[in-house]
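Listed next as structure tokens is one chain, alone, in the form predicted on its own.
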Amino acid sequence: MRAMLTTTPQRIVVVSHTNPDGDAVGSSLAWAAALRTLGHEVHCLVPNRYPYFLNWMPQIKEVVIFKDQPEEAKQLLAEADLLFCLDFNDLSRLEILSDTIAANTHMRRVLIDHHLSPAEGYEIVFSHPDSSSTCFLVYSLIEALFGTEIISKQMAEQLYVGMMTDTGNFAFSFLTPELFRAVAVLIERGITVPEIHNRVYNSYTAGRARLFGYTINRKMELIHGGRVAYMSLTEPEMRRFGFQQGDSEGFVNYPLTIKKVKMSVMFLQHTHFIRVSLRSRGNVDVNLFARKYFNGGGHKNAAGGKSFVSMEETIAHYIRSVEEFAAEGGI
């Protein structure tokens, strides 16, 4: 890839997945900043809006949101020489952006991701499922290609957000010595860990706090002898609490704080489908579960999918699937 980047200046688009999170936005912004040091023209692009609690991130206002700025996004993609796809493994995850990308047949495509089973169609693939985040992958690439001396304080903040959020504040798997050495470098660049934590995790609205209480108190159900949990929110319920993009972030993890619970799911109703978020601990493989029952995938302990039937049918399908999965030794 070094040769690809050290030729004449190119027009580059860095794109990430629908419902971009801290890892998607942080890795995109930091990678774009690194590419600009080589003289390239670089733009970051996402299908829809990122969560409001990321609004403070350096340079985030430069991110082009396809849903809000479709013509600008289409022009950038049509003119791009090189496309970097960050934090997703299949172009189908871009949903409304997929057709626009497919229309540009001359641009080269590079994947940088940490999810299982990357799709075909990329000239270069950096796929490392044993990485805790795409931000850590981007850090590693910057270290190898440019040297960490190019990492500014702003880039360090962007990278740390992804490392922090995708590990559940450094509580999930793949917490390697290399990850914490990277964090040490970011701290040396001037980041303030408590400040970033406060901006991300303590910047919610009152409506979000009430929605969380409602979800846990009224919508959390335990099945399979208390070892499996599920929660669901319909569009009217979300509107009742003034739902904003990102408000349900982390809800699916909460049932795993219950001692017996090994698997948790959150169903969020959208206009044409239901988004399925799955989390687990131990040897319960929700990536396998999502692929088998919800046409999705992800990691062993964190995955997602979609359902295109009603909420009632989706929940009934989930309950049946849990029993089948358990009978096969999955839980």
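Being a predicted model, the structure only gives us computed values, none of them experimental. Just count from 1 along the sequence shown to find any residue number.
Below: the form predicted in complex with a small molecule, not depicted.
- Note on contacts: among I60, A33, L288, A302, the single residue with a heavy atom within 4.5 Å of the small molecule in the model of the complex is A302.
- Listed residues R189, R93, K219, R109 were compared with the small molecule in the model of the complex; R93 is the one with a heavy atom within 4.5 Å.
- At the 4.5 Å threshold, heavy atoms of P51 stay clear of the small molecule in the model of the complex, well away from it.
- In the model of the complex, the small molecule lies within 4.5 Å of some heavy atom of S277.
- Using a 4.5 Å cutoff between non-hydrogen atoms, G296 counts as a contact of the small molecule in the model of the complex.
- Contact annotation: the small molecule lies within 4.5 Å of heavy atoms from the stretch 277-285 in the model of the complex, the single such stretch among 33-41, 66-74, 277-285, 52-60.
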